[in-house]
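Taking the form predicted alone, here's one chain by itself in structure tokens.
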């Protein structure tokens, strides 16, 4: 059995806002049918491209976010296209919609109509600011959501001593807002599918992207709501009300490791023992610090961090973190992405997978499983669909249309 959603059919009408959610559903085993306009989705124009050839079937973005899906083309805005869409909705368990606001309603497919077509349908709709409220018609991008939602305020470099910044905030990564939203929508969809097992009824899941990112800033929002206390972004670490010690240090081979202080039971004694073993404990083994009262406060935290930095600087990146980890100390290396491909830990967790592209005669390394469900596996293929790749399978197979009728629709630009 592949994936815990092995018997779920998902109909995806999604651009960059919803494609990651569809990817997660496909990865978990669902049969995801992606419906694109004739000629392909706009996201096929997003680079980079395989061998720098701008082509709808060579977008590395599209490959990544549409892995594991089937794909068909259909102009849903034509009467014939809308009629076919209704047939597909009636046969689906989940409808994933991140089209421009009210697109389906304008086609006569509001929630009431969808329920009449398919009372068991889970309708997942992603919009920038929700389907109601004073901001419903506002436009946004991934960058706008990261700024307005608070992620950028929490990411960047240390403030100056007076609490102001002389560097701008930093967006964590491109499409991060849609990753946050996609994860939340995926979890909600699985929950709705479980609930349907009891009630037999579908439901609408309204997912405003702004709402999703606004509840994903760790402690920043709660600190302000409850205490009116601001959090400060800090280099390579979590935003906090106070500027803590550094955690990223240069190694002997001019790489970097993340070195956490002692956030685990018995952490201080374990860390000092490790530093002493490496000949890098400094004054931490002296009489002064035998008294736990002298190991409190920000001054000591900074001093302790400096001692650890000296230890890290004396060893190579891979050596020092592996030695620390073997003693239960949560240090880690800062690697280049490609350096993780052959790591045994990632290999055992199926984090990467090899995917065939038969049309290119090539095989590529992909991001694989973000999670490992018990007793079932994460999807390992196929690669993203070519433009209209599964048209014949759907129209002539599943919908039992004649090839002549499909050819007429194609000649009119409907499929």
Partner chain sequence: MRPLEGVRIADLTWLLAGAGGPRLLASLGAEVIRIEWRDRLDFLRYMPPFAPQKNENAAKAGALELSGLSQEGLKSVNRAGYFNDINAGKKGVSLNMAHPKGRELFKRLVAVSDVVVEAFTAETMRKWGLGYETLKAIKSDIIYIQQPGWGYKGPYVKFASYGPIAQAVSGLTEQSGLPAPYPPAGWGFSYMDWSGAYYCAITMLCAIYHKKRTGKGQYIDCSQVEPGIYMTGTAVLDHLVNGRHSQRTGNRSPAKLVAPHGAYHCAGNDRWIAIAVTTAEEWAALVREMGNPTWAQHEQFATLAARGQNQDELDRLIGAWTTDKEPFALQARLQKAGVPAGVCQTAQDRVERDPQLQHLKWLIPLSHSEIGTWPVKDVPFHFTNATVNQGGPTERAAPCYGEDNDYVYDELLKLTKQERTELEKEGII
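Just so you know, these numbers come straight off a predicted model, no measurement behind them. Positions refer to the first chain, counted from 1. Whichever C-alpha set is largest while still superposing within 1.5 Å between the two forms counts as the rigid core.
Here the subject shifts to the form predicted together with its partner chain, a form of this protein not shown in this document.
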field: its partner chain contact at residue 326 in the model of the complex, heavy atom, 4.5 Å
entry: yes
Heavy atom of residue 372 within 4.5 Å of its partner chain in the model of the complex: yes
message: Can you tell me if residue 242 lies within 4.5 angstroms of its partner chain in the model of the complex, counting non-hydrogen atoms only?
response: no
Residue 55, heavy atom within 4.5 angstroms of its partner chain in the model of the complex: no
message: Only one of 113, 298, 313, 187 gets a heavy atom within 4.5 Å of its partner chain in the model of the complex. Which one?
response: 187
statement: In contact with its partner chain in the model of the complex (heavy atoms, 4.5 Å), from 305-313, 75-83, 332-340, 274-282, is stretch 332-340
- prompt: Relative to its partner chain in the model of the complex, which residues of 180-216 have a heavy atom no more than 4.5 Å away?
  reply: 180, 183, 184, 186, 187, 188, 190, 191, 192, 193, 194, 195, 197, 198, 199, 202, 203, 204, 205, 206, 207, 208, 210, 211, 212, 214, 215, 216
task: Using a rigid core alignment, state whether the CA of residue 363 is displaced by 2 Å or more between this form and the one not shown.
output: no
- prompt: When you overlay the rigid core, is the Cα of residue 373 off by 2 Å or more between this form and the one not shown?
  reply: yes
- prompt: Comparing between this form and the one not shown on the rigid core: C-alpha of residue 349 shifted by 2 Å or more?
  reply: yes
